[in-house]
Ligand SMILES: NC(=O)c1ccc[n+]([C@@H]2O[C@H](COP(=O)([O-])OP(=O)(O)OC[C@H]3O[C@@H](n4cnc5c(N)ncnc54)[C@H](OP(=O)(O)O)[C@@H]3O)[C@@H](O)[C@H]2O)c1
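First, one chain by itself in C-alpha cells, the form predicted alone.
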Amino acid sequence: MLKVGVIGATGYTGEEVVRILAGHKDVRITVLQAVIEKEEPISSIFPSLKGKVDLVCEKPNTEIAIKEADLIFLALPHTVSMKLAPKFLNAGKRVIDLSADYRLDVKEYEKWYGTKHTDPANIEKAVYGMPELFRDKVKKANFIANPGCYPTSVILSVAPLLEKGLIHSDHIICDSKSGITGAGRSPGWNLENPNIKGNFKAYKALKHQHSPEMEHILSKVSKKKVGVAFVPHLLPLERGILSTIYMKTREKLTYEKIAKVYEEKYKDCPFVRIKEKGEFPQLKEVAFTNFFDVGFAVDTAGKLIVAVAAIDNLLKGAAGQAVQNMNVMYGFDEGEGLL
C-alpha cells in the first residue's frame, strides 16, 4: 500500500486529490497539510469526505510529511512549491507538483511568473506529466511537473498533427474558456459575483502565463519552434474548459486522414475520447471526470482544421491528471480511482 501525503489539501485541487485518493485501492493517505487556522479532520472542512477520509489536516511540517509518506502531492500556489519540493526530493521522496514551478526553464519562468526561481537544479529533473505523450518518462519519474489546465486541453488537441508535420507550427490560434475554479479559492470569487454572474469575458489576451508552457511542450513534440496565439476567457460556470484551436495545414487534408492520426496516437489512452464526425465536446460530458474529449472539422479546401476540446479543469486539468501520473509511475491500473 502506497503511503501518500497531500500538501495544500484545502485548495480546490488539493480537495480533489484527496477525494480521488480516498477511493483508490492501492493508496493510503497518511499526511494532509495546509495553511489553516485550526488543525482539524479534513472531513470537518469538507463534509463530503466524512467517513471516507477523517485524517486530521495539519499545518505544514515537512519533517512529518517526510517521515509518514512515500509520495507527496504538492497542491500549492505557484512560487510556493519550489520552496518545498527540494526538501522532499532530497529526502528520497517522489513528488508530483501541481503548480507551474517546474514546467518551464528558469528564464521563461522568471519572465512569466515575475519572481526568481529558487530551485533551478530540479527543473531539469522534472518530467512533464502528460502520460498520453510522455508515458515512458512518467513511468520512470521521481519528480512530476503536472501540466496546467489550459495547456492540457490545447497540447493534446494539437500534438498528433504537429508530430506528423501536417500543420504549420508558427501560428496556432487557441481560443479557450474556463470556469471560475481555475483561479483557485478567493474571497468573493463565486457565481454570485456581479463581475461573473451573467457575464463572459476575455482576459490576458496573448499574455497569459500558460502560453509559454504550450509552446515549450509543443516544440518538443514537433522538434521545431512552435508559436501559439492564446486568448483565455472566463465562463460564468464553476468548472470546465472548452478550447477551440485553429490550425493551418501544410497540405490538403481530408477529415478521414485527420481522424486516423488522432485515433492512432491515442489508441492506448484510456482518458482520450474522440468524437464522431460532425460532433463536438460539451462541458457537461466531461465535468467531474478525467476525460479529454476532442472533435474536429476541416474546411472544404482541406487547409484549415478546427479542433474543439473539453476537460474538467480540476480533474484532467489538475488533480485527476496528477493521480493518473501516480498510477503510471507505480504501475497501478491507469484508471484506478478515476474510472
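For clarity, every value in this text was computed on a predicted model and none was experimentally measured. So that there is no doubt, residue numbering starts at 1 and follows the sequence shown.
One more form of this protein should be noted, the form predicted together with the named molecule, which is absent from this view; the next part is about it.
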Interface check vs the named molecule in the model of the complex: of S211, T181, S176, S169, the one with a heavy atom inside 4.5 Å is T181
The named molecule in the model of the complex has a heavy atom of only one listed residue within 4.5 Å, and of L304, V35, V56, I64 that residue is V35
The stretch from 131-139, 256-264, 199-207, 74-82 that lies within 4.5 Å of the named molecule in the model of the complex, judged by heavy atoms, is 74-82
Quiz item: Does the named molecule get within 4.5 angstroms of any non-hydrogen atom of S157 in the model of the complex?
Solution: no
Quiz item: With the cut-off set at 4.5 Å between non-hydrogen atoms, does C149 touch the named molecule in the model of the complex?
Solution: yes
| message | in the model of the complex, does Q324 come within 4.5 Å of the named molecule, counting heavy atoms only? | response | no
I'd like to know if G8 sits close to the named molecule in the model of the complex, meaning any non-hydrogen atom pair within 4.5 angstroms.
yes
Checked 300-317 against the named molecule in the model of the complex; residues with a heavy atom within 4.5 Å, sequence order, are N313, L314, G317
